[in-house]
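First, one chain by itself: the form predicted alone, in structure tokens.
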Amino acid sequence: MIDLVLGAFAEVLSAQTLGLIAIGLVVGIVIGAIPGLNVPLAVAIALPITFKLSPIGGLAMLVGIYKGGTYGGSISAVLINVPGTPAAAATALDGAPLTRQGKAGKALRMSLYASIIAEILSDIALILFAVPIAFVALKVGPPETFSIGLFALALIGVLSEGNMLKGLMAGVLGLFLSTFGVDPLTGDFRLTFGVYELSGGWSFIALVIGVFAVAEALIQVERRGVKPISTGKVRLSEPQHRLDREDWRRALPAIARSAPIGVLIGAIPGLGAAVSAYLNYGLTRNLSKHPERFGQGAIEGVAAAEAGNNAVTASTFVPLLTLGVPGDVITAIMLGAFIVHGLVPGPALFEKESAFVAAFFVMMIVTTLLHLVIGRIGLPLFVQTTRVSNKLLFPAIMVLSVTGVFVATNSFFDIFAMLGFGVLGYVMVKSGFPVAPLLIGFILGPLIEVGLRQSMIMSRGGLDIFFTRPISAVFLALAALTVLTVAWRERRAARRSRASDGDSG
């Protein structure tokens, strides 16, 4: 056993493997930070390169891209309110307000540290509890998927606290947009109106970039603001850019709660980082004694979103390694690297390729530690983005957005869709509608629809299947509790408002 572990460390700590990890991390962070360019695309492009490398060397570079890209989306989300990845949209909710307050360094630091802590916990969970976690994940079927989706959807009320009606309307619009394209069960076309480009549904990349980047650009044009957030060189050593004891007091409970939840979500095939980020952000806000701070620059909001986001990066390998079932799109692409090198994921992998498994586990930990080093080195460079004038920044963002959407989808139609969603996002912001519920509804639409329809087939139309299965029943109860809690808070706030108006009168 000791020889196995020592051999694993020797292979992973070689100059070649460390170099490949570093390259993967840098590429991933850059790709993740550029709106429109996504991590699955980067992994797919890098996949053929790994065929000539050793199994651990090739997978080390791919894992570096995966972890770096998952974190990289938060950089643009925090600095310019344009999420580089779908999951980073949750980080933007509080990260961008912190930047506007001149605290970009604080938000970037928390984003990095929360990501690293969650990655380490996820790596440890993969090493110690891969088989038990896979067993729990196997218990999640269509009824549980529907209930989890419904619970996440209920968090719309949390993210819209103070105006639940508008939040629910935005969420319903997201659900509606997710129904365009091919029916996931029958294969029939629906709501395509004879437009071939809609056969695959609306592009999520076009939606995210539109409602964030284009809408923000339109708002800045309206304001005619040309001044940068920072007028001089930004120094991370300045007090407003540092994390103090109070910041950690607020953030650590959020990280401690979000990381384990993210690990479990990552182990369930089909959920992914975006669901984890939004679910953990909503939970943290719902459990907070001061939910009114969220959306205004709550450091615990950044911590919860990033911890939930990056906690999936190792646990998505749990079903792949133990069952041979990829946990998300990225691990599905990586499955090709396993097969090319003669490695067949599944129960036999641990018995027949124990040396590789040990090296893979060590590589995951080393990648996380290198991620911390590279991310910390890059922070002083990232934060200088706040010095760029808006009259230069937002035209550049528009160019990157158009380029990113076209590279990701190879479709001019999606560019026009992005612009249309940008106008939609602008109108929503000006009308007081929150954007986050729109994205949540769009993400959860297919999950809820397929889970509901498959459950109805399993139970032959009976609704009892959702209440007789323990995991499903628990999440339905949590969804109901969330809605009741938010409704009670809004009612209490309304009473206080009426009382204060009466006193002033």
Partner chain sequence: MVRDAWVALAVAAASTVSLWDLWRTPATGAFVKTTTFPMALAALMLVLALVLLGATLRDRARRARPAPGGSGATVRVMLLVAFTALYIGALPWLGYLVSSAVYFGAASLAFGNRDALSIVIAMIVVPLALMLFFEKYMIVLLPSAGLFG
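Small disclaimer: the values here were computed from a predicted structure and weren't measured. Residue numbers count along the first chain shown, from 1.
There is another form of this protein, the form predicted in complex with the partner chain, and it is not shown here; the text below is about that form.
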item	value
Contact flag, R460 vs the partner chain in the predicted bound form, heavy atom cut 4.5 Å	yes
Contact label in the predicted bound form: P55 to the partner chain, heavy atom within 4.5 Å	no
Non-hydrogen atom contact A348 with the partner chain in the predicted bound form at 4.5 angstroms	no
Close approach of F360 to the partner chain in the predicted bound form, 4.5 Å, heavy atom	no
Among the candidates V435, I415, I333, V366, the residue which, in the predicted bound form, approaches the partner chain to within 4.5 Å (heavy atoms)	I415
Answer option from Q240, S354, T179, S199, heavy atom within 4.5 Å of the partner chain in the predicted bound form	T179
Within 4.5 Å of the partner chain in the predicted bound form, all of V402, Y426 and G445 (non-hydrogen atom)	yes
Among 182-190, 78-86, 199-207, 246-254, the region lying within 4.5 Å of the partner chain in the predicted bound form by heavy atom distance	182-190
